Structure formats: structure tokens, C-alpha cells
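Given next, in C-alpha cells, is a single chain: the form predicted on its own.
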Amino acid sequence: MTTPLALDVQGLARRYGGRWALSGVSFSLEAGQALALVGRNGSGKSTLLRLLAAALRVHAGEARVCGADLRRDADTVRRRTALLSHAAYTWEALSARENLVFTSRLLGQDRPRERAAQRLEQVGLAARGDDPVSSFSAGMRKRLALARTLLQEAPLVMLDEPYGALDPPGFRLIDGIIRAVRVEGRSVVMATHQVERAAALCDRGLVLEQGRVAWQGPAAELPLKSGLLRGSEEGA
């Protein structure tokens, strides 16, 4: 029996003006697996995630995301993916709880307050749930953005630099959430500079260089490819 694919990407490309940010990117990911996406700053990691979430228009190539055609059925792709991006995109004047309740209602979910409480607990913000987001540190904002991403309950979860702005307990939180999402049978794509952590958490690894696939294979082999990433910093 053939395992269904969460991602089937063939020759995906995106340009900004005359510059190709991604070119000829091809890979696949089985449903329930996790992919570590690594590369230097500016290698195209964030662009690739935004394309796969149908947040950017594809200029060449094809992809199927959780069975939906990326170019022909973008609305379905958006419903089947949840993207944690660099920006928090939170409502500053509202509390953390109000942010999540409002998002849950936008998603048409039942029991929005209960769902919000569950996600606040999951990311370690239960004690600060009624505080305005404007009072939050960068790390707390990242936790809230993660809670909102998880609130979508999408079959494909994509995390762009999830460890950024977090302290060591936050790192462990991310590790635990990735494991929990996988236990639920969902798929994960994580763009990160934390190569060793990604190698321990993921099944597959993919290295981007200047918008092209430089290597792909078992995630356990990623640390052996770390020379490709020497000198990189947090960012995409």
C-alpha cells in the first residue's frame, strides 16, 4: 500500500523582480513525517514555506499539498496548512486569550474559549492569558503565535525559525510540540538553523543554497552537512 504524500513538489520556483529566489525545487514528504529545511540566510527557506502555504504566488513548477493542487486550489491548501512565520501578527491591544478566541471564531470552530485555554496551556502562557499582548516579550509573542498556529489543527504544520526569540525552556517546548503534532499523525516542515535539534526530530532533511536544493536525504545526516551552513545566523 502506497503511503499518501503530504507534499509532492516538482520544479517549484518564485522570483522577486528579475531575481529567482527559488528555482527548480523538487522533493516529497510522506504524510506524518517531518522535514528539516536548512540553509544560509537568504537561501529561500521562508519563501518556500510561504509558497507551500499559498501565501505567495508560484511562478513556475507544480506542487500538491495534502492532496490539493497548489496552483489550482489555493483555498484548500490554505485550509490544510498552518504556518508559523517570523512576524507574530497579533492584535496588540487584546489579551492573549482574546487573540486566540477571535482567531478560533474566524476559523468557524466551536467552543472557542475552551480551545483558546487549551492552546495557552500548551505553550506555557496560561498564567498570562488575560494580559495584553503589548506587555509581552519577544519570546512570549512567539509562544502566542505558535498557539495560534496550533489552533488551526491543520494536517500540515510549517514552522519558520520556531526557536527564534526563545530561551532554553522555549526550545524544549518547541521540541515537545513537534513530537506531539507528529503523534497526532500530522506532518511538519521546519525551517531552522538548529541543525542538530532538527536532525533528532525530523525524518527528512533538505538543504537550500541560493534558492536551489543542494542536498536532501535522511535528517540524521544533516549534521554531516553542517559545513554548508557554517557562519549562518538566525533568519531566512
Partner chain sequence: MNVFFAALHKELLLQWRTRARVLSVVVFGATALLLMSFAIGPDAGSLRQYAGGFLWLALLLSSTLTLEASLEAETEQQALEGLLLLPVAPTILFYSKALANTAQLALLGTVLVPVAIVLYGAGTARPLALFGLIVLGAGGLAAPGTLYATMTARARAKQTLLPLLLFPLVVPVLIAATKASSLLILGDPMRQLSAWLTLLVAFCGIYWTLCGLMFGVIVED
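Computed from a predicted model, the values in this text were never measured in an experiment. Residue numbers count along the first chain shown, from 1.
What comes next is about the form predicted together with its partner chain, which does not appear here.
Colleague: How about L107 - does it come within 4.5 Å of its partner chain in the predicted bound form, if we only consider non-hydrogen atoms?
Modeller: Although its partner chain is absent here, L107 would touch it in the predicted bound form, with heavy atoms inside 4.5 Å.
Colleague: Using a 4.5 Å heavy atom cut-off, state whether L56 contacts its partner chain in the predicted bound form.
Modeller: So L56 counts as contacting its partner chain.
Colleague: Do R64 and its partner chain come within 4.5 Å of each other in the predicted bound form, heavy atoms counted?
Modeller: No, no contact at 4.5 Å.
Colleague: When the contact criterion is heavy atoms within 4.5 Å, does R115 count as touching its partner chain in the predicted bound form?
Modeller: Looking in the predicted bound form, residue contacts with its partner chain do not include R115, since no heavy atom lies within 4.5 Å.
Colleague: Considering A154, V123, M140, A88, which brings a non-hydrogen atom within 4.5 Å of its partner chain in the predicted bound form?
Modeller: The residue from A154, V123, M140, A88 that makes the contact is A88.
Colleague: Answer yes or no: in the predicted bound form, does its partner chain come within 4.5 Å of a heavy atom in every one of R128, L173 and A180?
Modeller: Per the other structure, none of R128, L173 and A180 touch its partner chain.
Colleague: Going by heavy atoms within 4.5 Å, which of 56 to 64, 22 to 30, 35 to 43, 197 to 205 lines up against its partner chain in the predicted bound form?
Modeller: Single hit among the candidates: 56 to 64.
Colleague: Sequence order please: the residues of 65 to 100 with a heavy atom within 4.5 Å of its partner chain in the predicted bound form.
Modeller: R78, R79, L83, A87, A88, Y89, T90, W91, E92, A93, L94, S95, E98 sit within 4.5 Å of the partner.
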